[in-house]
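Next up: just one chain, as structure tokens, the form predicted on its own.
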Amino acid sequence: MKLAFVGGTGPEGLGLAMRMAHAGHEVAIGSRSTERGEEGAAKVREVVPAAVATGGANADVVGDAEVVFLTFPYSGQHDTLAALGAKLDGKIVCNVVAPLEFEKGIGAVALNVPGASAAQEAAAQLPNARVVSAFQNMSAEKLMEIDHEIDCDVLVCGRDAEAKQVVIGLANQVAGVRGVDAGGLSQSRYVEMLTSLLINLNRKYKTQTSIRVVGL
């Protein structure tokens, strides 16, 4: 598949792109500038020498992508999606955004957003896209260690059953990972909020935590 990563030059976007390239998918790294997107693609090719990876401006990499991953901070979501607009119509859009901020002495704090979740806000802004939510709870560091398995579940939320199955299938292609149908897009709020908890656990115990659901 052709996969695009909007805002894909950060650790999470690059880590996901590396794993998807390692699984044999063609990846395109987007950024606000063409140069940064191309630099991101070069990093993917450095880690995955056989990767088919290109880079460019966000608007340029989404055109022929079958799945578009949103991998930027929450603060940039509204403006980025407003700029892309109809370019995402009909596409599977996987929102990896977790709304949070960092407070001195506290650490990561989950934000209460007006639309209940970043994914629901994205769906409202992109009425003709097939928005799902996934991958917020995965460690960027572990994603980049492509020779190692990741012991975690990826909770996938969305109202489009077919789109969810596509994203679940992509998650299952990462060694050690299991994609789990976590229900409708309204459930994304809870998945997104878990991210701040995991970040704080990582800082406290100097490790990289993840989510695993038992009994399924």
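Note that residue numbering follows the sequence shown and begins at 1. Note that the coordinates shown come from a computational prediction; the quantities given were computed from them, not determined experimentally.
Note that the form predicted in complex with a small molecule isn't included here; everything after this is about it.
- This chain is displayed without the small molecule, yet in the predicted bound form the stretch 71 to 79 from 84 to 92, 125 to 133, 71 to 79, 105 to 113 comes within 4.5 Å of it by heavy atoms.
- Put simply, residue 10 is close to the small molecule in the predicted bound form: some heavy atom of it is within 4.5 Å.
- The small molecule is not shown here, but in the predicted bound form it comes within 4.5 Å of a heavy atom of residue 97.
- The closest non-hydrogen atom of residue 45 lies beyond 4.5 Å of the small molecule in the predicted bound form.
- The shortest heavy atom separation between residue 189 and the small molecule in the predicted bound form exceeds 4.5 Å.
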